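Okay, so here's just one chain, in structure tokens, the form predicted on its own.
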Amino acid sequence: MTTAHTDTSSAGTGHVAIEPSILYFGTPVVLLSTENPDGTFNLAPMSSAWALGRLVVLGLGAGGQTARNLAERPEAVINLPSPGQWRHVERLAPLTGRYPVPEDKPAGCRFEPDKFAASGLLPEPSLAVRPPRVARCPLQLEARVQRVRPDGSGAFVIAEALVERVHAHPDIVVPGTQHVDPDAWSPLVYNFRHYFGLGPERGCSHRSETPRGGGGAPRAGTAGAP
């Protein structure tokens, strides 16, 4: 990593130009379940996922088992764990479902055929796809991949998954509605290789269908907070 230096392009701002090794600037963690060639199931943690309507875009290492599975068997479940499940996620981090271990995997990575058992997580049947859901994840999105393509560098693939069915724990659903309660649901966030949950609400979008505190005004106790 290079030494930080003053950013002369924005003089007076106090910023510095840096070269971080990764850019996971606060992204949700996903546990992606896919089907292996022998009919067993792989479970992989990832932190490059974002939604556009009902389409979820997934960024994956090109050499991993998950990328191979999605290219050949396009069904998957996008499981979103809660902050309290971070240790289960971390148990999966040094494991791969591909044998032999790909050369581009980090040092210490080892082959593990049963990711569910290794992580301490339990599978439960899906309704629309073959790969199972992760039982205790508050949000589970059954999806079918529409396209898998390489990224510009060749090190990753980009998969576009269309969500067919959403499962939510009752505790995070606004009663009598189809809406996830943003005050009750907190995703596990991967922030520069550290795990976090969400902090207190500061306000909401003008498009929110679950407004509180005056439709976007900060809640009591947050006024004036940075």
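Everything quoted here is computed from the prediction, not taken from an experiment. Residue numbers run from 1 along the displayed sequence.
Keep in mind the form predicted in complex with a small molecule is missing from the figure; the text below concerns it.
For the candidate spot formed by 71, 79 and 146, no residue has a non-hydrogen atom within 4.5 angstroms of the small molecule in the predicted bound form. Heavy atoms within 4.5 Å of the small molecule in the predicted bound form belong, among the stretches 175 to 183, 37 to 45, 162 to 170, 197 to 205, to residues of 37 to 45.
Just one of 121, 89, 139, 129 comes within 4.5 Å of the small molecule in the predicted bound form, counting any heavy atom, and that one is 89. The small molecule is not shown here, but in the predicted bound form it comes within 4.5 Å of a heavy atom of residue 64. The small molecule in the predicted bound form is not approached by residue 26, whose heavy atoms all lie more than 4.5 angstroms from it.
At the 4.5 Å threshold, heavy atoms of residue 115 reach the small molecule in the predicted bound form. For residue 135, no non-hydrogen atom is located within 4.5 Å of the small molecule in the predicted bound form, even though that partner is not displayed.
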